[in-house]
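What follows is a single chain, given as structure tokens, in the form predicted alone.
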């Protein structure tokens, strides 16, 4: 659960925002709310934090139009709901908020779809400078897990519990809670953190004992990682001083998974300093691996090619390494999955590929 301090701060910031709307109206000004423009062209590299954050461009939610007035009306109803939720020490999912709006006494305040309610929560995060977790808002369970030599203490509504993420869990591992800041790290024998995109590869590493042999904490990303997964990864790096490496498929969409872990995403750039781990390194699958190991591949689709070309202009990938790898992939016109390494045997990934790559990187 969130701390009392975080709860009080979130309430205070939300109420201040509602008061600001009222003061604008009472002062004869048109109520409005300024939000950073959430586009690729408005993210900039912050030299101090080493992550990508929003720039100076803003969009205005203003009551000077019917559409804008509806947005602010929905914001005020959502603020009231969130403040009451915090006072009652309850929580709700993003999906529940969408449906809850159906019961609000003004139809104009009800959300048209969940995308609209999700975006409003993001807007409130940005202007209040607190996270949705501090609002006691949570997404549906992501199902992401940890497996490795880590002992932790977790706070729940039923009290505290201590868990060892190898000895006290089944083959599925320890499921990351929606708010990882409720976790206290107690002890560990971790040498490095390995974030893995796919469930099949995660299971292969665990079955082959890679976590035990190398003192590795395996984080299953489950595709594009949820905020909770990125947050606990950052905490593992920052608080335990652990190297973090990311292991994905070899395609442009998977490179963006790495980018979101290391530098943040456009959608959540306002939280990059809270979620991103800029020291995280990319293991593979590299385009060079496709060539070196003659891996089974699929041809790049038109959307793959467009995505790769877009990444050449993405600030997160503007390095010599990524330019070389992306240009190579465009040249060979191929992509490969993590599990294509099985073409060399089920043990190849744990006995040869990862030890060699991690050795080259200075992790092993």
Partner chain sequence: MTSFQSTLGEDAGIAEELAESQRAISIAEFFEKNKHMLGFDSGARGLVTAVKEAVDNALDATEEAGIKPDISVEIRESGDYYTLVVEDNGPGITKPQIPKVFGKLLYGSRFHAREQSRGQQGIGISAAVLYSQLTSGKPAKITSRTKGAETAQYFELIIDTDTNEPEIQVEKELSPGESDLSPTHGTRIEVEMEANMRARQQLHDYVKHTAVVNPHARLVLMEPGLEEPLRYERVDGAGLPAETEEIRPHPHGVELGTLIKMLGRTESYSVSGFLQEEFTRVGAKTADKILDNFRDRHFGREMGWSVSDGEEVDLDAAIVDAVSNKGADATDAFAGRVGDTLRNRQRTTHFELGDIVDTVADDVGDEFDVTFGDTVRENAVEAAWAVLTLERTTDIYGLVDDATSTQKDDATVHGLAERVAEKFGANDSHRETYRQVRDYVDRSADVLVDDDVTFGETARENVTDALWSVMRTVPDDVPKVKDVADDRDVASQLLEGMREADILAPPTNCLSPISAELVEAGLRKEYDADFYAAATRDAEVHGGDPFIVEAGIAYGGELAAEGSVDLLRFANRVPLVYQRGACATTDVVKRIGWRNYGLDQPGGSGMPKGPAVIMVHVASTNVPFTSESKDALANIPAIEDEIELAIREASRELKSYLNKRRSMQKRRKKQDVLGRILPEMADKLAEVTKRERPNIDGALARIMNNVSVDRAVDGDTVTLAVENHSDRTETPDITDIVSAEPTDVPDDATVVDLDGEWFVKWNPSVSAGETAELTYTVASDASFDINVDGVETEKLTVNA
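Residue numbers count along the first chain shown, from 1. These numbers were taken from a predicted model, which means no experiment stands behind them. Each form is matched to the other, and the largest set of C-alpha atoms that superpose within 1.5 Å is called the rigid core.
The same protein has a further form, the form predicted together with the partner chain, not shown here; the description that follows concerns it.
- Note which of 212, 207, 140, 80 lies within 4.5 Å of the partner chain in the predicted bound form, where distance is taken over heavy atoms; exactly one does. None of the others qualify; the residue that does is 80.
- Sort through 29, 333, 324, 34 and report the residue having a heavy atom within 4.5 Å of the partner chain in the predicted bound form. None of the others qualify; the residue that does is 29.
- Looking at the partner chain in the predicted bound form, do all three of 22, 69 and 108 come within 4.5 Å of it through at least one heavy atom? Every listed residue reaches the partner chain in the predicted bound form, so yes.
- Item | Answer range among 316 to 324, 45 to 53, 301 to 309, 59 to 67 for contact with the partner chain, defined in the predicted bound form as heavy atoms within 4.5 Å | Only one stretch qualifies here: 59 to 67.
- Taking heavy atoms only, is residue 18 within 4.5 angstroms of the partner chain in the predicted bound form? So residue 18 counts as contacting the partner chain.
- Message: Against the partner chain in the predicted bound form, would residue 130 count as a contact residue? Criterion: heavy atoms within 4.5 Å.
- Response: Close contact is absent here: in the predicted bound form, residue 130 is far from the partner chain, nothing within 4.5 Å, heavy atoms only.
- Taking 4.5 angstroms as the cut-off for heavy atoms, does residue 76 touch the partner chain in the predicted bound form? Residue 76: yes, in contact with the partner chain in the predicted bound form.
- Message: Once the core is superposed between the shown form and the other one, does residue 23 show a C-alpha displacement of at least 2 Å?
- Response: Yes, the C-alpha position differs by at least 2 Å between the shown form and the other one.
- Please check if residue 63 moves between the shown form and the other one, taking a CA shift of 2 Å or more relative to the superposed core as movement. The answer is yes, as the C-alpha of residue 63 shifts between the shown form and the other one by 2 Å or more after core alignment.
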